[in-house]
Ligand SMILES: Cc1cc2nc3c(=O)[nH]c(=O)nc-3n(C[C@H](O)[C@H](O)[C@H](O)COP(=O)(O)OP(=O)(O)OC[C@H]3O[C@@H](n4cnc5c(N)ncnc54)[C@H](O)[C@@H]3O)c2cc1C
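A single chain comes next, written as structure tokens; it is the form predicted on its own.
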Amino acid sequence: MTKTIEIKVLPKDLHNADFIKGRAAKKAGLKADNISDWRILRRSIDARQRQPFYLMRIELTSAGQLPAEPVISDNFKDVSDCEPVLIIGAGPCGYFAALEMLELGLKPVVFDRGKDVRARRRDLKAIQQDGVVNPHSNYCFGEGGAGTYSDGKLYTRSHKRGKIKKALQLFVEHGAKSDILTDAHPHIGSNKLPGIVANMRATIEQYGGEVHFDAQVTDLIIENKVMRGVIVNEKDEHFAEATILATGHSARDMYYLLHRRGVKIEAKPFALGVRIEHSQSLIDRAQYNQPQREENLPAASYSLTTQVKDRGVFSFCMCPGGLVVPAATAPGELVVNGMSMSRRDSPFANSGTVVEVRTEDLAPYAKHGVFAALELQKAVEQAMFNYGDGSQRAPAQRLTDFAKGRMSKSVPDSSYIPGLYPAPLHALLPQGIYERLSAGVRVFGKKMNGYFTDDANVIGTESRTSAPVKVPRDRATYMHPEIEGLFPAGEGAGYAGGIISAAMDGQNTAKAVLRWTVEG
């Protein structure tokens, strides 16, 4: 007999396998001694009551062994002599498209403008310690894309886009802990992801695919509205029937290139704001209703949203036990993002806090046409940089001062390595964005005890929430409506919003390429 049941477990019993098995057996009406196999299918935290607990969905049987999960890589084929498909970008979308092709019998040929994940670390160090931004290798560009150094949060609401479990299983097969298959909010960590990403590359190459670094696509080979291939580093030509565009949301030069080559693109809404950093202990107290976080409870997170003047104000990419990092992709701009290591043991918690950008915000940039939103994004990032000393030190305010529109005399300690300095973010942000943020954080203070405090930092600017440009595609074929053989995909094209949704979009796009190139 096999049953699936749900039980509640206190944090102190989280790792007590005998206790969990016994409680599950009792709930299922079985004797623990008769259980031949069991496993946790789902695990989440419920902290709504004074005593937080884990809610577990458990499958157990008294009839032998539960069936093992299939190993996806067992289905990979040698694609050395198969039809090549060009993939621009080695982020989650590009790499998961490439892995999918190993199953489909297509040969992925991946180009990334940045460096491999190991060499990329030196460029990240240069940003953190010296304020030097390499426009081809940074927190956004390079092997693994922004996902490698953006925490490894693997949560998505996009369940209709594809098989989330398959994407998670591929992470596990390449080195991630199996916990991500059961946790409601799975997380890998920016210290673990580089090795996992390198393992994915090794798999792609092992089965006959290609991955090229320091390989910026500088032109597109388009003939009579048909995509024929790409030019890399202004000289090397590569041809294929199909090209997947998976460049991520910060590859602005690709948007300009598409526009120059007559490829239709569209303006797209995005969100703009700041990154707010609290002490993790404050967030723990607020979320767990405890003076000190109980053992076996993870660093607490939050998700906050409200409406101000008919516009959404919301937290984004929350990093418990995390770090604020410099995410600029070119000299002369100031952009911040957040990440966490696998243990989430930093004393700080941070989250993007942003406002929807709408058409009326773009009026001063209307002359830029489809690039109006992109130009607003750039203008704010440059204003933040120009206010400072020419380094990657970030402008900041105490949260209460920010809400009141006054300068801070000093700012609290921060995880941001380049350092912070007091600045009038209320004046550097577009007025409509600031006014809504100011009202929004006051509302958040009423929703979460302790949130609205002068011990929290507001740091500028959080501007890379999503792409400000969309590359259209047909809903059925995934192909650009005007350029045959061009398949826009992932965050950069406007079809994903995180690691897992980008990965699934890459997988779906690979399948669409197969339907077109092989099945007609």
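All residue numbers refer to positions in the sequence shown, first residue = 1. What you see is a predicted model, and the numbers here were worked out from it, not measured in a lab.
We do not show the form predicted in complex with the named molecule, though everything after this point is about it.
The shortest heavy atom separation between residue 247 and the named molecule in the predicted bound form is within 4.5 Å. Shown alone here, residue 101 lies farther than 4.5 Å from the named molecule in the predicted bound form, counting heavy atoms only. Contact annotation: residue 499 falls within 4.5 Å of the named molecule in the predicted bound form, judged by heavy atom distances. Not displayed here, the named molecule is kept clear of residue 436 by more than 4.5 Å at the level of heavy atoms in the predicted bound form. Across the proposed site, 52, 279 and 321 without exception lack any heavy atom within 4.5 Å of the named molecule in the predicted bound form.
With the partner omitted here, the residue from 400, 216, 287, 415 that has a non-hydrogen atom within 4.5 angstroms of the named molecule in the predicted bound form is 216. A single residue from the set 192, 153, 268, 426 has any heavy atom within 4.5 angstroms of the named molecule in the predicted bound form; that residue is 153. Between 166-174, 352-360, 332-340, 292-300, the stretch whose residues reach within 4.5 angstroms of the named molecule in the predicted bound form through a non-hydrogen atom is 332-340. Contacts between stretch 132-150 and the named molecule, counted in the predicted bound form as any heavy atom lying within 4.5 Å, involve 139, 140, 141, 142, 144, 145, 146, 147, 149, 150, listed in sequence order.
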